[in-house]
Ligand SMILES: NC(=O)c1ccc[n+]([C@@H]2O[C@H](COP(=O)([O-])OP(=O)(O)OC[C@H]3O[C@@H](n4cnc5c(N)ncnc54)[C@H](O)[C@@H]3O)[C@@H](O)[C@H]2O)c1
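One chain comes next, on its own, written as structure tokens: the form predicted alone.
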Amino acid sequence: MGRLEGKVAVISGAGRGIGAAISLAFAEEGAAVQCLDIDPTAAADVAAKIGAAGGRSEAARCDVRDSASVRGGVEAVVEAFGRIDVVVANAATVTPRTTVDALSEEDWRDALDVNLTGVFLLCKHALPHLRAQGSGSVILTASQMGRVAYDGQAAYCATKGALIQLAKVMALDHAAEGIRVNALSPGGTATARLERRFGTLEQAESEWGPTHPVGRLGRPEEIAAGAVFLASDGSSFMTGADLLIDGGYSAR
């Protein structure tokens, strides 16, 4: 039996990077997975990989900035699988690296809308389903940058720090309902996000890998392993916490 056997998970930002790795890892552990992403082709590709491996998965387009779109994505999960046990709010946007005075209001709002409001909306629409069954695990993908600062990343750091606090408040609000809420904070992870920032993953590894005390960037599968733990009954005594998987970055 897999650690998530019989559970149903909904994952936003599931089409690539850490979200895709979490989706695949959940399916390997026995969960049925609803892959939500603003890129429906990417979400469908991940769902197809799960299906090809013998798992259960559906995919749907979801713009986490739009309440109706998120509600539709959540309803699709219940329609396809009958329930929701695990919510992973993982969708995030890329903001320019610049100072606050040079950051456009549009880019600032986009960071808030996707990284923070998008998490709020997914939780808002999914929580009633968890409450109705008296159990559930909610995972908010934050970042080590929610704990430490990184120059030129005011919007990103602000939103990720907010998610760590949001997880704490939600944990208190819903503990009596059998719902656990935790943040998951990756360090620098070798994904397309870093490839866009550094030009190539090799360059990202060369420049940023050594800033992590373990001497390298993380792998999406390593972050996914943490998500599996938070989703499983193995973390049943854990809520309101931030699971930091950052190669020691924030220990400096």
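We number the residues from 1 along the sequence you see. Predicted model only: the values in this text are computed from it and were never measured.
Omitted from view is the form predicted in complex with this ligand, to which the following refers.
Checking 155, 84, 123, 91 for any heavy atom within 4.5 Å of this ligand in the predicted complex turns up a single hit: 91. The listed set 214, 192, 225, 48 contains one residue whose heavy atoms approach this ligand in the predicted complex to within 4.5 Å, identified as 192.
By the 4.5 Å heavy atom rule, the three marked residues 161, 207 and 250 all fail to count as contacting this ligand in the predicted complex. Contact check for residue 196: a heavy atom falls within 4.5 Å of this ligand in the predicted complex. Put simply, residue 221 is far from this ligand in the predicted complex: not one heavy atom of it is within 4.5 Å. In the predicted complex, this ligand sits within 4.5 Å of a heavy atom of residue 39. The closest heavy atom approach of residue 127 to this ligand in the predicted complex falls outside 4.5 Å. Contact annotation for 8 to 27: residues with any non-hydrogen atom within 4.5 angstroms of this ligand in the predicted complex are 13, 15, 16, 17, 18, 19, listed in sequence order.
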